[in-house]
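Only one chain is shown below, in structure tokens, and it's the form predicted alone.
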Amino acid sequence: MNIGIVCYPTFGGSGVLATELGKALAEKGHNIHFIAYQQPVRLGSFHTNIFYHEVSVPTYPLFDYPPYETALASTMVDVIINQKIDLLHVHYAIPHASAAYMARQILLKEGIDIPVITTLHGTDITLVGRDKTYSPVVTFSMNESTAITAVSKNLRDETYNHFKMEKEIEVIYNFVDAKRFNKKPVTPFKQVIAPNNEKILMHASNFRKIKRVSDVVHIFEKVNKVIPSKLLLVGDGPERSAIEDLCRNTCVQSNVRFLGRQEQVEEILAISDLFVLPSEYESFGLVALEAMAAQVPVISTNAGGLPEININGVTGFTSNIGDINDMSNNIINILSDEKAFAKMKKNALAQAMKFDIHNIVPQYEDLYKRVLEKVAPYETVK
């Protein structure tokens, strides 16, 4: 198949999943055409079956904001016609689904009926999509998609609850390449971080308020008073400077390291003992799944789709949003029981294997085949 994949090319979960999906499909012999405003960060090395098409957005004095959606739709049309794309798979509804609808209408005039699959990832539905500025367009473009998928049952249910959906939403979970996260810890690296064999806690996010990174610091402060430990904060974003100030004010600064954005998170997970994710909402929690694939139990909230992957008392612990005491007590208790901790690490890996890329990618392939059985893109071409 010739598959067009439209995504954000950044470190966010939707871009990561879209890129890893494309790479996995290319390995299976499909031709993958990425369409984005820059090359996806996870795209990596050259592959004969992977192509990248840049969306160029000219700037004119007339526009305060360059019309990216229009440029994206035009690029979709160009790529589909010239590369004989069989279907478009757009990740993140805004603005990709609406741009795909526009491209599809243009192509219908050329006798090409291109099927569009829209995958919902989270904030495109739970945050941005609900805004009245975008909601009508998001609702319309989702319903005009040939097929819709969501990365968790929770996200599917949230979409049904907040939008007037006319189409069924199929759940295809996020996935992880478990083999990639099967890493042995680099001993010199770990010794630099924890020279006295302190326990290592890790958090990774885009440092937005919804991630509640301040809770991570307060949890660590309580844990560190009982168990000698270090905290690694991976990522960057609008809350970072405030979190740095918080670390100074709580006197944990010497035990906290800000590592910034990291592409090779598997190397950091390999030396970590626990992953802390106290988010206010996660549609799925891909970073938690990656931690579990590295045999790192997860301490998280029970918000959104997190309970679908992090099983309380089995692969880690879940707590109510903002319950810092419960989360810190769970960390202290599990790190104080070596036998129970070792079992939890094994459980985490076993759970992650259920979401391994080799189990999930065939579900997308099956969806593609079902869609193409209903819509034959080029049958009516003059």
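One-based numbering along the sequence shown. Keep in mind the model is a prediction, meaning the values are calculated, not measured.
Beyond what is shown, the protein has a form predicted together with a small molecule; the following relates to that form.
Partner contact region in the predicted bound form: 204 to 212, out of 134 to 142, 108 to 116, 204 to 212, 161 to 169, criterion any non-hydrogen atom within 4.5 Å of the small molecule. Taking a 4.5 Å heavy atom cutoff to the small molecule in the predicted bound form, the contact residue among K230, H96, H89, H121 is H121. For the residues L72, L286, L274, A294, the 4.5 Å heavy atom test against the small molecule in the predicted bound form is passed only by L286. Among heavy atoms of G22, none comes within 4.5 Å of the small molecule in the predicted bound form.
Using a 4.5 Å cutoff between non-hydrogen atoms, F181 does not count as a contact of the small molecule in the predicted bound form.
By the criterion of a heavy atom within 4.5 Å, N174 is counted among the residues contacting the small molecule in the predicted bound form. Proximity of E290 to the small molecule in the predicted bound form: non-hydrogen atoms within 4.5 Å are absent; the residue sits far from the partner.
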